[in-house]
Each structure stands twice: as C-alpha cells, then as structure tokens.
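Two forms of the same protein chain are encoded below as structure tokens; each is given separately, as structure 1 and structure 2.
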Structure 1
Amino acid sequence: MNMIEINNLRRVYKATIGTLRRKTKEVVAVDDISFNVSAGELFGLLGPNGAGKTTVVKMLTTLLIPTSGTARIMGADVEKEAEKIRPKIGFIFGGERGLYWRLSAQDNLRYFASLYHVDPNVSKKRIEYLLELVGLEDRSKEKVEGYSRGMKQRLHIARALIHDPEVLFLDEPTIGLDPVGARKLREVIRNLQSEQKTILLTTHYMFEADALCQRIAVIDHGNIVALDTPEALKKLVKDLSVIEVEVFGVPEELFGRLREQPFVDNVAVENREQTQVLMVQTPRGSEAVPDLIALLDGVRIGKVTSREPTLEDAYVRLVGGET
C-alpha cells in the first residue's frame, strides 16, 4: 500500500526582480515529479540547497498548494482534502521554532496533545512513552529554554508524534546539531522504523541517508534525477575511485581546469576544520595522483589519499560538485 503518492507534481513561484524597473518572473521550484512511498518505508529526499526538497514537503503537509499535478496522503488529496490529512501526519522542520521555551517538555506535550484533542487518559501514557522514546524522560520537568539544540530537536519529534500519526515528515532534522546530538536523533529515527511509521526524510548528509533510508530520490533544480536504493545508487560510481587532497587555498579557475582533464570525471571541494579537501573522481585510481599533483603546482598540499566511492560520491556525480 502506498501512503504517499505523487504524480506530475509542480510548484511555480512568482519572483520580483530589479529595483527601479521591477519585473516578475516565474521560478519553477518543483518540476513535474512523481514517486510513491509505501507503508512503513523510510524514504529519503536528497538535493542541494534550492533543489526543491522543502517545497515538496510543504506541499505534502498541506502548507503549500501545488501549481499542478496531484499528491495524495493515504489516498486523500493534499489540496482538496487537507482537513482530512492533517490529523494523520506529523512533521518537523530543521530549527528550534515550534516549542514553548518557558514550559517543560511535559507541559509542551500536554499542550500539543490538547490541540490534537487527544484524550487526557491516553495522552498521559503517550507523553511518558514519547519522552522515553526520544531520551528525555530524566529531564522532562525542566524548562525547554535550558535544553541543547539536539534535545529540542528530539522534543520536536515527540511533539510531531503526540497524536500518533501514520506518516511523518522530517525536513533536515539533524541540521546544525553537534555529532553527539545528531547521533542520538538518528537513533530516535531508527526506533520509529520499528513502529512501522512511514517517514519521508530530507537531509544534506549522505552518510545519514545511507544508514537510514530504504530508498532515496535525488532532486536537483526541481527534477528527480535518480530514485533507487542506496546500494543501487552507489553502483553509479563503481567504475571510479576518489582521490582526496588536502589543500590550503585553491584558485577558483583551477576547478575548471581540473574538470577539463580527460582522467577527471568530477570535482568537489569540502571544508574540514582549517583545510579544504579536494575530492576528484577518476577511473584511473591512484595512478592519477602524479598528474593531479602536477596540476596543483603552486598550491600548498597536505595529505593525499585514494578511496572507494560512497553514496556521497554518487550524489556528486548526479548533481555536480560545488566549489
């Protein structure tokens, strides 16, 4: 059974440009996409900033009206039957809004339970269960203003689950969290899988999607460019190796020169603490290192390593590297 059904979904915005001579232009945020999510599936939606991920989630949660196409949650149309859908879904967006900081976690959940008209006898047990699920039972009576960002995000999940929805939307839930907080939140998401919740997760973190999701759709410029299991997506780069080079300041024009080389499939760069790491995908493996170093003449270089490709490398091949 499909819990989420999307057919030819499109969303167009009108944007104003210019200052003296103001003009409006159409911006296509989501362009004719289709996919389904089955009951109990944890489905990942990946893409760069501005790709359309959050717009998709807002349409599915009835916060935005589609320009064209259809989307259904448990058979109900998101545009025509929004009131029917809302009690059956829960959602959180990355960030700290949506909680009352001067209330305790317990009081926050009591308040949201009352908004969803959850029976008080049911809500008491459910609040206890949810606080344990997200690992906040020992600090449930403390004011939320004293919580870390990771604790607030876990409370967001408890809030989204207070009415026991069948479909859950998590829009970049671990963004901005420290590694420990993000790990704890991922554990909560894994626990939700055991409850057979249907979950749509958007994230920037490829390792997170690889570890959690059963299937992944990659969206770029409003279009679905790939949809498959993490294992199948990784096969897209099975013919490549990745050379990582620690560099200290790379001229912008060098990236273009690297991409023009016949032995280079793609190039991306990642900031790690005090250095940049240049990631070069190549079918030649470590044999390409001498040629690569020669092209980096004049650039201060640190450690050079060669590794097997990951889901992140498949993603880079699909959407292109960012400098």
Structure 2
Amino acid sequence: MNMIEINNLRRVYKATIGTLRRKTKEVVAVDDISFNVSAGELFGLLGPNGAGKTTVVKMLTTLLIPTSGTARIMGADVEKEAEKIRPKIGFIFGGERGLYWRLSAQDNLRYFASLYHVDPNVSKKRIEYLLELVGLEDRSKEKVEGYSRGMKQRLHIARALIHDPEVLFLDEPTIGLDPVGARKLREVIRNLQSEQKTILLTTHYMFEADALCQRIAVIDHGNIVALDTPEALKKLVKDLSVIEVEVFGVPEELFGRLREQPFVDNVAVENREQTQVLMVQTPRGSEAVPDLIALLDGVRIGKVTSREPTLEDAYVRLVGGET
C-alpha cells in the first residue's frame, strides 16, 4: 500500500523584491514532482540547497497548499483533508527552532502530547520511553535553551513521535550537527525503521541517504532527476572513473574549460584546508591524466590519483558539481 502518493506536485512562491518599488517575483520551488512511498519504507529525498526539498515536505505535512498537482497521505488529500492527515503524521524541520526554549524537554513533550490528544495515562510512559530513545533522559528537566544543538534536534524527533505516528517526515534532521552528533541521530533514525514506520527523509548528504534509505529520489531545481535504490544509482557511474587532482588555487573559468572537454563527463571541486581537490569524472580512466595535466598548465598541482566511482559521484553527475 502507498502511504504517500504524489502526482505532478508543483509549488510557486511569490516573493516581493525591492523596498521602494515593490515588485513580485515568482519562484518555482517545486516544478513537477511525482513519486510514491510504500508502508514501512525509508525513502530519501536528496538534493542540494534550494532544490525544493523543504517545500515538498511542507506540502506533505499540510503546512503549504500546492500550486497544482495532488499529494495524498494514507489516501487523504493534503489540501482538502488536512484534519484527517494531521493526527497520523509527525514531522520535523531541521535545525534548532520549533521548540519552546524556556521550557524543559519534559514540558515540551507534555505540551505536544496534549496537542496530539495523547491520553494522559499513556503520555507519561511514552514521554519516558522517548526521552530514553533519543538519549535525553538525564537532562529532561532542564530548560531547552541550555541544550546543545544535537540535543535539541533529538528532542525534535521525540516530539514528532509523541503520538506514535504512522508516517514520519524528517527534513534535514542532521543539518548543522558535528559528525558525532549526526551519527547518533542517524542511529536513532535507523532504530525507528525497525518500528515499521514509513519515513520520508530529506538530506543534502549523499552518504546519509545511502546509509539510511531504501530508495532515493534525487531532486534538483524542483524536479526529480533520478529515483532508484542506492545500488542502482551507483550503476549510473559504473563506466566512469574519477581522477582526483590536488591543486592550489584554480581560476573559476577553468571549470568551464574542463567540462567542455570531450573526455570529461563532470567536474566537482572539494575545498580542503590548504588545497582544493578537483574530481574529474571520465570514461577514459587514468589514460586521461596526461591530457588533464596539460589543461591545468600554470596551476600548481599536488597529488594525482585515480579511483572507482562512488555514490557521491553519481550524485555529482546528476546535480552537477555544486554539492
């Protein structure tokens, strides 16, 4: 059974620009998106910043009305049957906002339990269980304002689970967390899956989608550019290899020049501390190295290596080098 069904979903924002002469400009945040998520699935929506992920989630959680197209959660329409949907879903939007900072974790959860009509006899145990699930049981009586970012984001998850929803929307749950905090949170998400929840997760980290999701939709500029299992997405780049060139300062226009080369499929750049690493995808493998070096004439070059493509490279190929 499909828990989430989306058909040709589109959302346009009207943004006002200019202060004196006010003009409205239309921003197409979600262009034309269709996909289904079945019961118990952990589905990933992966895309760079501004791709339209949050807008999709806001429409699915009844907070935004679609400009056109339809979306149904457990058969109910997000625009016309919001009242049917709200009791059955939980949602979080990444980041620290959305909690009452002057209240304790316990009070936050007690409050949301009442908003979701959880029986007071049930909610007491449920709150205890959730605090433990997200590892906040020791500090649950402290005010939220003193929590670390990771603790706040875990409290969000507990909040979203207070009424034991069937469908869960997690919009960039690990955004802004340090690696340890992010890993802890992914652990929590993985555990939720063993509870048979249907989860839609958005992220702009390929490895996160790979580690958690059964299927991934890659979204860019409001459209889905690929939708498949992580394994199948990796096959998109199986005939390519990646040459990594360590460089010290490259002029912008070089990327364009590199992309134009017939033997170059795609170029991404990763900034490290002192250096940048050019990642050039090419079907010619290490044979392409000399041509590449020739093109980089005048640029200081460090280590050059050639490697097998990863899922990250598949992502780069789908959305361009701007990860």
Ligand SMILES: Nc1ncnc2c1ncn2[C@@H]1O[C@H](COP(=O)(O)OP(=O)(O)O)[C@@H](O)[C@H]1O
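Residues are numbered by position in structure 1's sequence, first residue being 1. Basically, rigid core = biggest C-alpha set you can superpose within 1.5 Å across the two forms. Computed from a predicted model, the values in this text were never measured in an experiment.
Taken from the form predicted in complex with the ligand, structure 2 is distinct in origin from structure 1. Once the cores line up, the CA of N266 ends up less than 2 angstroms apart between structures 1 and 2. The two forms, fitted on the rigid core, differ between structures 1 and 2 by 2 Å or more at the CA of T275. Comparing the forms between structures 1 and 2 on their rigid core, the Cα displacement of S38 stays under 2 Å. Look at G298: with the core superposed, its C-alpha moves 2.8 Å between structures 1 and 2.
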